[in-house]
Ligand SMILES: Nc1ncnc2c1ncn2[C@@H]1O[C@H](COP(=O)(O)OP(=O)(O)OP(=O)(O)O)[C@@H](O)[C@H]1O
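Next up: just one chain, as structure tokens, the form predicted on its own.
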């Protein structure tokens, strides 16, 4: 009898390389017809670290998030979660292994309250996990942690976009992820709220959470990230610490202010 898809040996050249990674993307390419959205992308996010992913509009950042979470099948390449190749797993199985995300286009239950949004995720996790902590206890603690206690009973569709994004973050946290993918979570936040968000992300890594952050706020990225990957036209053009990335001429040309006017801004 053949082994499950996730047990097959990875194709040559797509084996796991980073032993410290919670998630590792290896040689991933995605083609939409004749358009290459991603080409041979290698990226990893480590436990207890914030990893940034930046690049101009259309660089492929959200497509890469979709590959990691199982919403998009790659044309080539593999995704490893810990020491397991999860390339053949559907999104719900990856979620049960500890993958959670937010979306660039806000995804919340607008007719529910803040508390009910987070509670829904906590109850969902409790239905399949071995954790018997009451879901309402989990939801209340997360709402306090993300700073939403004052609006806990408000309908989400009555909130400004910035606070609604924090609701989506709280809902993701309610699944107790090992890997948290944040797609423009700082969009719509005030300066003070952005500062608090950065502090929260750093605090989450102290619990061992690995965070992969897509964010247009370069100041926030440079402040909180341990490592940064720069994606341009579907290819990784630079990797390093914030200081190293800021000094890279290719990054400056593609993203950090030296780009021609014909290029779009960050996604």
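Bear in mind that the values here come from a model prediction, so they are computed numbers and not experimental data. Numbering follows the first chain given and starts at 1.
There is another form of this protein, the form predicted together with the ligand, and it is not shown here; the text below is about that form.
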- Query: Within a 4.5 Å heavy atom cut-off, is residue 242 in contact with the ligand in the model of the complex?
  - Reply: no
- Touches the ligand in the model of the complex: residue 59 (any heavy atom, 4.5 Å): yes
- Item | Close approach of residue 133 to the ligand in the model of the complex, 4.5 Å, heavy atom | no
- Query: Hey, in the model of the complex, is residue 63 touching the ligand, heavy atoms inside 4.5 Å?
  - Reply: yes
- From 37, 236, 221, 201: within 4.5 Å of the ligand in the model of the complex by heavy atoms is 37
- in the model of the complex, the residue from 75, 104, 113, 149 with a non-hydrogen atom within 4.5 Å of the ligand is 104
- In terms of non-hydrogen atoms within 4.5 angstroms, which of the given stretches 28-36, 43-51, 222-230, 202-210 touches the ligand in the model of the complex? 28-36
- Since the partner is left out here, which residues of 135-166 would have a heavy atom within 4.5 Å of the ligand in the model of the complex? none
